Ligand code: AMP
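A single chain comes next, written as structure tokens; it is the form predicted alone.
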């Protein structure tokens, strides 16, 4: 009998992250990886579940060709290469899309209207949808949305204090990184059910960073808002910014909207403050005072949000770190929780250095949970596929 495979894609402007799964009730990844530097000197990096990572130079490559290379090098070697379904991470689902959705022309048209709300992500997500339809025309294609997890927010969290007519038009806080928060809250149910039903702050810290206040498994508040620019400083994104700064840049610096967009999305955050790098590993290794200042600002903003979310939740029963920085930087975790005894947060230095599951020495659990957004999409794919 033919064994079906599932393909999960997370596409950006110059890369496609992917994971290949065997179709199963709770699928596990057979191989993960990414194609980097699309349109330039592309390379395919693969990490088989039972083997060593491999890198293959591809040369000049577009998104369609990149998918074909993924098919050749990652899908076919895992079995017969039959792809039953392709799942896509889509940054913005707006008000309408709150569940995994089968993709057709009508859905794509609606998602294109949301591109101004996620200009760094949505166009490339949809480019991968178009490319995968060409490479895998017979596969079921579904979209999973980073905004969906947050759609049950209280009204006071989602509104801005501008004329209400704009809220009715969709100018409101949406929240992002929902697939990561979905995975972590589900994981808590299995490893710490007593915590899963409580008041939890989840910190998804990486090149993109946000935090979410979760109560009984549901999102109550999130640091990201109308766009993926809001909240915490990120690798190259500014995070929270006084809107008066935008007016100043327009009126007194003479900048165009395109120039401001590039500034806030690509030249700000850790990169902008440090004038060195958007990579936390490089900043932690640097002796440059500006690198330390960038780290200090990053930590300061996280600590502010911990306090704010504790207030929203009426206290906290646990804090969870995930994402590339959250999962791997013992320094950031320790600095965030320093002098937080008043919230019951205290780090066990030895457990923290080992990136252990539980790193708390105080009364409130502090957990480190590697997130797996691709697995959330794979599970949604299994549910969407017709039964045999």
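Positions refer to the first chain, counted from 1. Since we're looking at a predicted model, the values are computed, not measured.
Keep in mind the form predicted in complex with adenosine monophosphate is missing from the figure; the text below concerns it.
- Segments offered: 151 to 159, 97 to 105, 260 to 268, 203 to 211. Contacting adenosine monophosphate in the model of the complex at heavy atom distances within 4.5 Å is 203 to 211.
- The partner is absent here; in the model of the complex, the one residue of 114, 280, 302, 221 having a heavy atom within 4.5 Å of adenosine monophosphate is 280.
- The listed set 48, 324, 344, 27 contains one residue whose heavy atoms approach adenosine monophosphate in the model of the complex to within 4.5 Å, identified as 324.
- Adenosine monophosphate in the model of the complex comes within 4.5 Å of a heavy atom belonging to residue 284.
- None of the heavy atoms of residue 61 is located within 4.5 Å of adenosine monophosphate in the model of the complex.
- Residue contact with adenosine monophosphate in the model of the complex: residue 328 places a heavy atom within 4.5 Å of it.
- Taking adenosine monophosphate as it sits in the model of the complex, the stretch 54 to 77 never comes within 4.5 angstroms of it through any non-hydrogen atom.
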